[in-house]
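The form predicted on its own is given below as one chain in structure tokens.
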Amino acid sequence: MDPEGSAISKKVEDFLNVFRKGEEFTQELLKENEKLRFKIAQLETRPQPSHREDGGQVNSLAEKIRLLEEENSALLDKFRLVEEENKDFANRYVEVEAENNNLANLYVASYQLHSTLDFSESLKIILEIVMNLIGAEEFSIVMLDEKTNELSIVAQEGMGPEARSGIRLGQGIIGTAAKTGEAYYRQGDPTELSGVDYDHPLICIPLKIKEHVIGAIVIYKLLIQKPELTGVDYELFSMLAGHAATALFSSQLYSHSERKLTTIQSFLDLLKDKKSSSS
């Protein structure tokens, strides 16, 4: 592995270790919280000696049974309340853990995106992110040609041969999203359609550098184990769009500059050869 790749891997591992330590600490806090709550419930519902108004102790067996039943009922109610609170804390912990895992995954993915200036490699990384983090089954990445104002597919996953090869800027759902820079999400159940309609995607996320749109991520179908989008997915879309746009734009500029340098160098070599032969 090259030194740069090793440095990136170390940074990623250090970042993930922070999440793991936070997860372990949170689990310990939840366990201690549960113990303390049950202890408080026991203390609050501990039987207290009962007295009559005249100060005499209650000696009636029936009265004692009634008081014990009331105390037992209060204790059960308190335990149920504590159990519900603990369930609520556990659910919140699961949500936070899921979001932290997604953020960790996105952190790793962003390192991967910005670790290369090769356009094809950048596309491959974006495909893996959309498939693994978002859970998309059929999707494509389209790029805008500013000379023709047309969007064309530069990478895709799971799409059939009937997929459109070019879309005019401002045309249809995809073209409109790219022109306005506004993300599109299809309303209703994403699994309700019997087949994939490439004119009506499920999601279209413009790839923007500030307000300049360079392309879009277009999703037509989610994996069967992911019937709907979650709140975290929308955050991931927003963050991914910026990272992907920057990575693709940078790699395109680098590729163009490399080609120009190669052309210039070839031209200089040709002039040098002609000069040599003439002398």
Partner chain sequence: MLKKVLVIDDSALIHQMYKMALMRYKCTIISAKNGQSGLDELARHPDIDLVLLDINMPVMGGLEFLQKVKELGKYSNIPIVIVSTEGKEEDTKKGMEMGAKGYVTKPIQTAALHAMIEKLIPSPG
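Here the structure is a predicted model, which is why all the values come from computation and not from measurement. Here, rigid core means the biggest group of C-alpha atoms that superpose within 1.5 Å across both forms. Numbering follows the first chain given and starts at 1.
The same protein also exists as the form predicted together with its partner chain; that form is not shown, yet it is the one meant from here on.
Peer 1: Which one of I134, L202, A155, M159 is close to its partner chain in the predicted bound form, taking close to mean a heavy atom within 4.5 Å?
Peer 2: Filtering the options by heavy-atom distance leaves I134.
Peer 1: Would you kindly say which of E71, E85, E97, D145 lies with a heavy atom within 4.5 Å of its partner chain in the predicted bound form?
Peer 2: Answer to the contact question: E97.
Peer 1: N101, N105 and A109 - do all three of these have some heavy atom no more than 4.5 Å from its partner chain in the predicted bound form?
Peer 2: Checking in the predicted bound form: N101, N105 and A109 are all within 4.5 Å of its partner chain.
Peer 1: Using a 4.5 Å heavy atom cut-off, indicate which stretch of 206-214, 225-233, 247-255, 61-69 touches its partner chain in the predicted bound form.
Peer 2: Single hit among the candidates: 225-233.
Peer 1: If we define contact as a non-hydrogen atom of the residue within 4.5 angstroms of the partner, is E128 a contact of its partner chain in the predicted bound form?
Peer 2: Contact check for E128: yes, within 4.5 Å of its partner chain in the predicted bound form.
Peer 1: When the rigid core is used for the superposition, does Y107 move between the shown form and the other one (threshold: C-alpha shift of 2 Å or more)?
Peer 2: Comparing forms between the shown form and the other one, the Y107 CA shifts below 2 Å.
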